[in-house]
Each structure stands twice: as structure tokens, then as C-alpha cells.
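Take a look at this single chain in C-alpha cells; it is the form predicted on its own.
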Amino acid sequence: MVKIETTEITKIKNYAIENNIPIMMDDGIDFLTTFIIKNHINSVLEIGTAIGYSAIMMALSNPLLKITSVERDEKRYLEALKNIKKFNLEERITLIFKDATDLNLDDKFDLIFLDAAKGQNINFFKSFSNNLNDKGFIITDNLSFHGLVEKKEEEIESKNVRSLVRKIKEYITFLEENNSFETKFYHIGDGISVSQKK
């Protein structure tokens, strides 16, 4: 396990809690950073920067790692810029202020990390899988969605949440049936999948 905990990291985590910004759970980030080290990942495309927490943690886990991260929310994007600067990681983390659904990239990456609008996961997967290096990986977070994916639909009160859970279930089925990738699911953090290009 990679354990990186500094005062600045704690401040970012506290800011996320106070401002209701979803960031990866501790065991989820441990899984991700350990995965990067074990699989010699040197380039990452992250869809959904939020305030830069996971990008920073990934960069700190591997001094060779370069990350391109995309965020559509201006307030979060600006906060991420500030946080990345505090760690002097501007040379290794490139932030793009844009909606990922409108983004076209030519670059290739060892890993694509999907942690943005859950309802768009299938679109993101299809759009960006062309940006993967051979044998590259796509990791997706929040497949349990706070345990709601495992619940019966009628047990979820909010219509919007029901719709989102339905889309996450569709995405899980999409991964299971995708012949170009082999996917493993992990009950870690808020539910993680690792899909490797065959």
C-alpha cells in the first residue's frame, strides 16, 4: 500500500468534505496508486479532476508519471490548479477546463481513469478507449455508488438517483459484455473496475 499523508493532503480532503465535493475514498486511492506503481504506469488521462486530489495522489506515487486531467466545473478547476501548484506538480499534471464529452485528444495513455459524470461512463469509455496504449487500462470509480447499486430500485426514493443507478448498472453490463476488454471488479472504496485492452 502507498501511504502519502501530508498536512496539505489533509487540507484538500477537508475542503472536499466541507464543500460536498466527491473525492476517492482512502482505500480506493490506495488501490489506484498501488496499481500505478505495480503496472509501471507513466501516463494517465483522468476524466473528472474535481479539486485535483486523485491527480496529485497519482503523481506523488510515481515521479515519472504525467497526467492530463479534464474538469468542466470552473470553481473546481480553479481549486485544482491552486492545489497542484502547492505540490509543484504543474510540470506533470496538465489540467484541461472543458466538458469531456466535447474533448478530442490524439495522445496515447497507459491508463484512463474515469471519475466524472456517472451517467456518461459508457460514452467516455467508447470515446477515450482509442487513446489507450496497447494493453492499456481503463479504471472506473463509484460503481457501487454508496451501496445504492446493490439495492433494489424501489428502495431508492429519489427519481434522479434511481436513473443514475440504472445508468451505472448499464455500464457494468457494458463492461461485462465488452469483447475488446477484460474487466475485473473490486469491492474497494466505492466500487472500482479495471478494464484491460485485450
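Quick caveat: nothing in here was measured; it's all calculated off a predicted structure. Each residue number is its position in the shown sequence, starting from 1.
There is another form of the same protein, the form predicted together with a small molecule; it is not shown, and what comes next is about it.
For the residues A116, I93, L111, A80, the 4.5 Å heavy atom test against the small molecule in the predicted bound form is passed only by A116. The listed set K75, K98, K86, K126 contains one residue whose heavy atoms approach the small molecule in the predicted bound form to within 4.5 Å, identified as K98. Within this chain, I188 is remote from the site of the small molecule in the predicted bound form, having no heavy atom within 4.5 Å. Contact check for V70: a heavy atom falls within 4.5 Å of the small molecule in the predicted bound form. With a 4.5 Å cutoff on heavy atoms, L45 does not count as touching the small molecule in the predicted bound form; it lies far away. Interface residue remark: A50 is counted as part of the site for the small molecule in the predicted bound form, having a heavy atom within 4.5 Å. You can rule out all but one of 147 to 155, 34 to 42, 53 to 61, 165 to 173: in the predicted bound form, only 53 to 61 has residues with a heavy atom within 4.5 Å of the small molecule.
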